[in-house]
Every structure is written in C-alpha cells, then in structure tokens.
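Listed next as structure tokens is one chain, alone, in the form predicted on its own.
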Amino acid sequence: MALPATRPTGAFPSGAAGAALSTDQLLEIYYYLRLTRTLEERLVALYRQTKVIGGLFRSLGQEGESVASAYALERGRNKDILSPLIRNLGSMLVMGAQPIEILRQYMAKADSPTRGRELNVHFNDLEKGYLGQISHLGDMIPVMAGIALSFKMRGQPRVGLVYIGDGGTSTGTFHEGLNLAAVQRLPMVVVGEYNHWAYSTPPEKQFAVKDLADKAKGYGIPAVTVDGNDVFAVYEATKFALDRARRGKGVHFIEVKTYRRKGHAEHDDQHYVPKDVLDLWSKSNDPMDRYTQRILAADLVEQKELKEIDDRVRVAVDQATDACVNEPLPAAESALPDVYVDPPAAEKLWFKAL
C-alpha cells in the first residue's frame, strides 16, 4: 500500500487562507500532539491494570488531523462548535478539555464529567465549544447541521465542525444530514477520516467510490482530499473551509487520508491488518514525526523547546493521574438522580439498601 503523495518539504507553509503560523503557535500545536499521544499511552497502562472501565479507543497515527483541524477553529465562549468522535481526543484537548477529565471519564469516577454515567470521550463542555458524541455512527452529522442552522438563523459568525469515519459515511444519517447542510447552505465543515478500516472492514468492501470526497460532491458540496498525516495540509484546508463557511458560502467537506494504527479498540488485536502495512505507516508516515522534522528542518523551533514541552506534558499527565486514580466510583444511590426527573421511591430505597 502506497503512502500519500504529499510529503514534507521543510519549507514554512502559508495557508490557503493566508494565515501563517507563528513560532508560539507551532509549539502549541506540538504541545497538543504530544499531550494526545502521552495521555493515550497512560490510558493504555491504566487499561492493562484494569482501571479503565469499558473500551479504550486510540488515535495513534491520526493525532495530526484531529489537532490541526481543531486548531483552525475560533475557540472560546460563543465561538465555533466541534463534534468529536472516539478518535478525536486531540481535538477535544485543543478546545480545552483537561487530562484529568479524560482520565476520570475513562475510569468512570464519581467526579468525572458525567459522574460515571458515561465513558471514554462521551461528554461535552458547550462553554469550551465541544459536544458529547453518541456511538451511533453518522448521527452527529444531522445534529451539527441543526446547530449550524441555528447559527445561520441568528446571523452569528460561527461554524460547526464535525468528524466522520469512512465506515460512518455508509450510514443513512450521514447522507441525510449532509443533504440538509447542502440545501440550507449551512456554516458547517465535515472532516471525513479515511483511516482504511471500519472496525475490521476495509473501504473496498464498504463503498465503490475511491475517495470519501466523491460522496460529498454528489450533494453539490465542495470537497477536497488532503494528506491527513500532514499537520500543515490539514490546518490549511480547515482554515480555508471555516473562512468560507463563515462568509455564508455553505458546508465544506475535507477528506483526510490517514491510517488507524491500532485496532478498533484496545481489545482488538488487528489480526486482519498486514504487518508490513502497519510498519510502513508507523515508520514512514507518523504525523508527529513528520511535523517535528519539518519545523526543525526549517529552523522554526529548537530541539530544546520540544524537549521542554515533552517534559511538561509528562509531568502534567503524571499529576493528573495521581490526583484521580484512587478516587471512588459513583455511589449506587447516585445512579438515577439527574437521569430521571423523579426516580420512583421504591427504587430510591432499593439503592439505599445496596
């Protein structure tokens, strides 16, 4: 399997929207890349210690497109809105999610964002600008279309960005939501992640088109395909799409070609993936390696600056882990309040008796 044609040149890029990145921004992007990978590595260790409840979903090999696309958003209160999927931890961190929240959520702690009622990254913070996903693939497309419609009706210069995997583009709700967004010319950007696997199903057994972008074009939506492991290419494409949507030009589709280097979840041993293909993507096309090599080769940052970020991230993840790893799980009697308006009295008594 060939790697994408786009390769790093060592040159400092200026985006399609004319937005050059400063040294501070380049280092900030590196910080989020490193934080995503380090935090997920810590979650793997906790999973193997049986401290993680439920499944663990990695974004190894895909961190670049999540961080780069989210970094192009206007962040803050009443700004743009992002809807992540299970492999978009990096985008949530860019929007302001904290490592301790992620750790508590995966371990279903009583003080997790959902108070132990949900798991992994199924939580939201609308003040910071990210939604909580649901597991029904494709459903967040019409949800984000509805949010983007509210922006349009209120005349707000805000954009909604939503992710969808290659498998998710085979669902009915994806097509219904995309069609609505196209017809209504909504301020919305869809990032389609072509990571070569829908659980264990390869793309050629899901759809007949070569590129996910072809699906969007069928609805009259401008669509572009970029190298998803090139941080700069994803950032520039997203910045252009966001600026276009903000000007009232409607929805835009960005297909990012990347590769899922871990199984669907940590329990998936990837027996269906050829080892030589995994080796090719890990050794020759790691998004963090490519980004680091590019900014160092162009003398935009110094190695010691990256080392300082590595150390800072490691300390932050250590401190977050130490702060919450031994926290209690939710009490049994807390299961029904905030789920049902008025839990039946008998059930209240039953939980108290546990």
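When you see a residue number, it is the position in the sequence shown, counting from 1. Predicted model, so just to flag it, every value in this text is computed and none were measured.
The discussion below concerns the form predicted in complex with a further copy of the same chain, not included here.
*Asks:* Looking at 87-95, 240-248, 67-75, 200-208, which one sits within 4.5 Å of a further copy of the same chain in the predicted bound form if you count heavy atoms only?
*Replies:* Every other range fails; the passing one is 200-208.
*Asks:* Taking 4.5 angstroms as the cut-off for heavy atoms, does residue 214 touch a further copy of the same chain in the predicted bound form?
*Replies:* The answer is yes: residue 214 has a heavy atom within 4.5 Å of a further copy of the same chain.
*Asks:* Does any part of residue 183 reach within 4.5 Å of a further copy of the same chain in the predicted bound form? Heavy atoms only, please.
*Replies:* Yes, residue 183 is a contact residue.
*Asks:* Going by a heavy atom distance of 4.5 Å, is residue 176 a contact of a further copy of the same chain in the predicted bound form?
*Replies:* Yes.
*Asks:* Heavy atoms within 4.5 Å of a further copy of the same chain in the predicted bound form: does residue 155 have any?
*Replies:* Residue 155: no contact with a further copy of the same chain in the predicted bound form.
*Asks:* At a 4.5 angstroms cut-off on non-hydrogen atoms, which residues of 156-176 are near a further copy of the same chain in the predicted bound form? List them in order.
*Replies:* Contacting residues: 169, 170, 171, 172, 174, 175, 176.
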